[in-house]
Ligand code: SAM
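Given next, in structure tokens, is a single chain: the form predicted alone.
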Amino acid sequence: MLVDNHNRAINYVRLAVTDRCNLRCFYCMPEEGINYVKRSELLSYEEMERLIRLFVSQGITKVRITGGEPFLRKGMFDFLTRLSNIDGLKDIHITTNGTLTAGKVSQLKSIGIKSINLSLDSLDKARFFEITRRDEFKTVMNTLDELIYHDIPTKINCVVMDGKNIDDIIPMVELTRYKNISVRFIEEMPFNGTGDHPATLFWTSAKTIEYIQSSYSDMYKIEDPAYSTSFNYQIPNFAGTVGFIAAYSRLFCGSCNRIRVTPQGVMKTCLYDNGIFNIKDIMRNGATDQQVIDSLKTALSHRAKDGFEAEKNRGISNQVSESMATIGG
């Protein structure tokens, strides 16, 4: 079992397979996009499979595939199949924007994908276009319908943005009335690729909970799963649940069980750190399996206590400015 210097067990890795995305959500990247990593600088599928096997040997049991948009990378289904055959890897999950999986959800089911996090910030076609700068609303909704039809556990990730999608909050909650899904409202974070983010956040999770309870006064707190990043609620007689992720307030750091690997192989022990070391580079320089494992353990032995400490350690000259797509959504 991997354990950090704060005695937190680590059993979960988020692996970003690409920094490319076919949407241009304004809270994630500028309209013109970002400077994408050269393909030669990305971890290869073989390198990623080696990493996951090594992680599993050290107690990692869960992997989440992220991006960018992971299905923009060719060969994803073959890669997922190979991961599913790794002994000891219990859960494979995916975060996707749903634009490239419509018509292919049955394949994910057959591979054994445990759950899908679907990024969806509006149920209004016009607002969806305004937020994403792309006309893909119908495709994403078709993907959601397929996920429900094939009974793949689904969580909708909705970033709450002042002046953008507040009118979507109640309709999002209503999705859970008859659909057995979880709608999770996420605080907006500074990873938008510009370095421009308000110093304070008006729509905190607490504010969003208060707003929803003004319409659903009987919404009540339910038990959160172990290591959950969301605070979860139920409305009586609703099929699904509602969750709140305090990603900007960073209220869940004390139980964090995850590490991240960016598309170019940078190891991050916290979303808000600047990267600890490049695991791809040491592998390409001939590191043995044990040397890779030792590097991981060394990184975890100096892990920041929480996201605030991790951000502080970046220094004034290196403030958060990267796109979420470059670090894994």
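The first residue of the shown sequence is 1; numbering continues from there. In this text the structure is predicted, and so the values were computed from the model without any measurement.
Here the subject shifts to the form predicted in complex with the named molecule, a form of this protein not shown in this document.
Contact with the named molecule in the model of the complex, judged by any heavy atom within 4.5 Å, is made by just one of 154, 122, 229, 96: 96. For the candidate set 146, 187, 136, 168, a heavy atom within 4.5 Å of the named molecule in the model of the complex is found for exactly one residue, namely 187. Using a 4.5 Å cutoff between non-hydrogen atoms, residue 28 counts as a contact of the named molecule in the model of the complex.
By the criterion of a heavy atom within 4.5 Å, residue 159 is counted among the residues contacting the named molecule in the model of the complex. When the named molecule is considered in the model of the complex, residue 273 lies well away from it, no heavy atom lying within 4.5 Å.
Remark: residue 233 does not count among the residues lining the named molecule in the model of the complex, judged by a heavy atom distance of 4.5 Å or less. Only one of 296 to 304, 46 to 54, 280 to 288, 63 to 71 places residue heavy atoms within 4.5 angstroms of the named molecule in the model of the complex, namely 63 to 71.
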